[in-house]
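Shown here is one chain on its own, the form predicted on its own, set out as structure tokens.
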Amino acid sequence: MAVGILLVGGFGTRLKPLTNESPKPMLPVAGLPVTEHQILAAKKAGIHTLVLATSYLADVFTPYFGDGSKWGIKILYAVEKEPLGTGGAIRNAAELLGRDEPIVIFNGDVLSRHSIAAQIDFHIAKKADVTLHLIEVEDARAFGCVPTDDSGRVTAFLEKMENPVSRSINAGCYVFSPSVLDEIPLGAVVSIERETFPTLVQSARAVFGYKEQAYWLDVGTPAALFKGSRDLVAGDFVLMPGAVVAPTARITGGSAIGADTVVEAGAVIIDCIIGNNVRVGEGAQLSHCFVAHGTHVPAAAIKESIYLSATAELPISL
């Protein structure tokens, strides 16, 4: 068994304007918030308690997720008054957890289908201090790289470089032995990627890379968020519970239609993410649009690559 920490405190600057009214982990992907996909993955891996490490727009998480009983997992909340960086956020959240089980850390803007349970087992078998999920990419220049030796031990934690020495990159899911978390100073601003990991490697600590080439996507930009939603829809469209679509409406392109949304006669929706409680008026045409919860799209409206909410209409770059 294990416990976990989900980092959901980021500002989502790269996702603007989608994050103007919602934190990035609550943006819908294939009809569910990114965070809900991660909670489901944590539950599947046998994680029984999960702390959401929140900061920006923190008050939107509790009403939706509550105590986690709906998902069969215990959810706790650690709210940062001031942003503490990834390491500081992890240390702050760890105060709500015991120290007798591995602690799994999830990056809040990553979708991954790798086996978290297998990563935990690998961590235990290696008696590791930290185990990082690593994936290989064709071009690691945009990510930095994490080379390992033949046993899987991490030999360096490198920043972005023009000629990477490895194609393995940090995929944003870590398993920590509890004692290692206590080495991060409480209440301090710390970067796990720039400070904690390099220091552990330089100190010859047991830092390992678990390699599994599964589906993985950083949904930190609007284009990536749309791709992630299309990938998970895996068809023309998905309808969430309570959605009503008129027989003459046409929905395609991997669109996701939120709960209790109404799509009226003759509407055309192509490659869109539509929130909950939305009304798409008769004959409206939407292409590559993000429609926020509770928005009313007027009849006959024609919109392309637009963020629509009850209060704003802004272009998005996909």
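One-based numbering along the sequence shown. All of these numbers come straight from a predicted model, not from anything done at the bench.
Form predicted together with guanosine-5'-triphosphate (GTP): not shown, discussed below.
Self-check item: Among the candidates Ala140, Ile184, Leu84, Cys173, the residue which, in the predicted bound form, approaches guanosine-5'-triphosphate (GTP) to within 4.5 Å (heavy atoms)
Solution: Flagged contact: Leu84.
Quiz prompt | Listed range touching guanosine-5'-triphosphate (GTP), judged in the predicted bound form by heavy atoms within 4.5 Å, from 149 to 157, 236 to 244, 103 to 111, 204 to 212 | solution = Contact criterion met by 103 to 111 only.
Exercise. Would you confirm whether the three residues Ser229, Ala256 and Asp271 all fall within 4.5 Å of guanosine-5'-triphosphate (GTP) in the predicted bound form, going by non-hydrogen atoms?
Key: Contact check failed for every one of Ser229, Ala256 and Asp271.
Quiz item: Might Ala53 be said to contact guanosine-5'-triphosphate (GTP) in the predicted bound form, defining contact as any heavy atom within 4.5 Å?
Solution: Flag for Ala53 set to yes.
Quiz item: Is there a non-hydrogen atom of Leu132 within 4.5 angstroms of a non-hydrogen atom of guanosine-5'-triphosphate (GTP) in the predicted bound form?
Solution: Leu132: no, not in contact with guanosine-5'-triphosphate (GTP) in the predicted bound form.
Quiz item: So in the predicted bound form, does Leu7 come within 4.5 Å of guanosine-5'-triphosphate (GTP), heavy atom to heavy atom?
Solution: It does: once guanosine-5'-triphosphate (GTP) is placed as it appears in the predicted bound form, Leu7 has a heavy atom within 4.5 Å of it.
Quiz item: Is Arg14 a contact residue for guanosine-5'-triphosphate (GTP) in the predicted bound form, using a 4.5 Å heavy atom cut-off?
Solution: It does: once guanosine-5'-triphosphate (GTP) is placed as it appears in the predicted bound form, Arg14 has a heavy atom within 4.5 Å of it.
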